[in-house]
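Here you get one chain, nothing else, as structure tokens; it is the form predicted on its own.
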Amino acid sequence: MGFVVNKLSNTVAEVVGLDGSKPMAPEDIARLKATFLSHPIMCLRDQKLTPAQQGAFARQWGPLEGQDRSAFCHPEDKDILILSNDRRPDGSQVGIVDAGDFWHSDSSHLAEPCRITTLHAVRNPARGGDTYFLDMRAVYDALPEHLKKRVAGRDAIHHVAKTLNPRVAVSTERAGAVEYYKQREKETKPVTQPIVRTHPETGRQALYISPRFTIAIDGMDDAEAQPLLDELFRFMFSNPAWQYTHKWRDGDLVMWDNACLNHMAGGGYEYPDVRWMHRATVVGDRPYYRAA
């Protein structure tokens, strides 16, 4: 096996010397999957991938999630989503400019959220563009017992429409964003997810809520639910040791496990300083809670 795995923390691993443009041998896949279970953020350095090659790499981990924003899918592979602030000569946007602008776990507003996200740095801005991660396993482990008891076995309500969530705002940089989310209000049903999620492979518990998608608690009046969510969100960000900031290098391919993390795009750059990323997401399954 011609690549090196450097375990940078309890959450993050760096992979050096792997060529993701080529199919992996079964023993290499097994090694990476074992690492990924213990280190749910993996950064593969120096990847020179076309969109089709990134899609092929991601499919070695499972089927890819379809994208509902077809205008921003890459023509080489419809399952690759372009995240970028770049513009065409006519001023139109080539990618999703506000992707990941609040803390979240990808696709938690779907009944079966994606399990793995892969994000390839095609072009990084001269400044800014970091991605922040939060280990929700560590958050749950440190959660006071009285809060663990209040949320055990309960479900939260998730929705994609920012216009339904007073904790977030609609970006003014994205053309037609308000209209898009108003349409999603009408067409998308809310989804319930366990507040505490049991990892389907390790069995480890993680808090499974986010400021971006979690808007209420199922079966609990808002007068009680909203203060509880506020308390949980404050606790999530109370310890910097639970967080990791990824400072991108050109060619980084970062993959993470949405079953046990929150993440957020850091921003800090402005056009014509361009950030351009390609994203592919691997299908997951229905989240569940199993008492320890």
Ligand code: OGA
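Each residue number is its position in the shown sequence, starting from 1. In this text, all values refer to a predicted model and were calculated from it rather than measured experimentally.
Form predicted together with this ligand: not shown, discussed below.
- The contact residue chosen from Ala56, Leu228, Ala265, Met42 relative to this ligand in the predicted complex is Ala265, the criterion being a non-hydrogen atom within 4.5 angstroms.
- Residue His104 is the only one of Arg115, His104, Lys162, Arg137 with a heavy atom lying within 4.5 Å of this ligand in the predicted complex.
- No residue in the set Ser108, Arg212 and Phe233 has a non-hydrogen atom no more than 4.5 Å from this ligand in the predicted complex.
- Interface residue remark: Gln93 is not counted as part of the site for this ligand in the predicted complex, having no heavy atom within 4.5 Å.
- Although the partner is absent here, Pro190 sits far enough away that none of its heavy atoms falls within 4.5 Å of this ligand in the predicted complex.
- For the chain shown alone, Leu83 is a contact residue for this ligand in the predicted complex, at least one non-hydrogen atom being within 4.5 angstroms.
- Although the partner is absent here, Leu119 lies within 4.5 Å of this ligand in the predicted complex, judged by heavy atoms.
- Only one of 204 to 212, 218 to 226, 124 to 132, 139 to 147 places residue heavy atoms within 4.5 angstroms of this ligand in the predicted complex, namely 124 to 132.
- Looking at 268 to 283, the residues that come within 4.5 Å of this ligand in the predicted complex, counting any heavy atom, are Arg275, Arg279.
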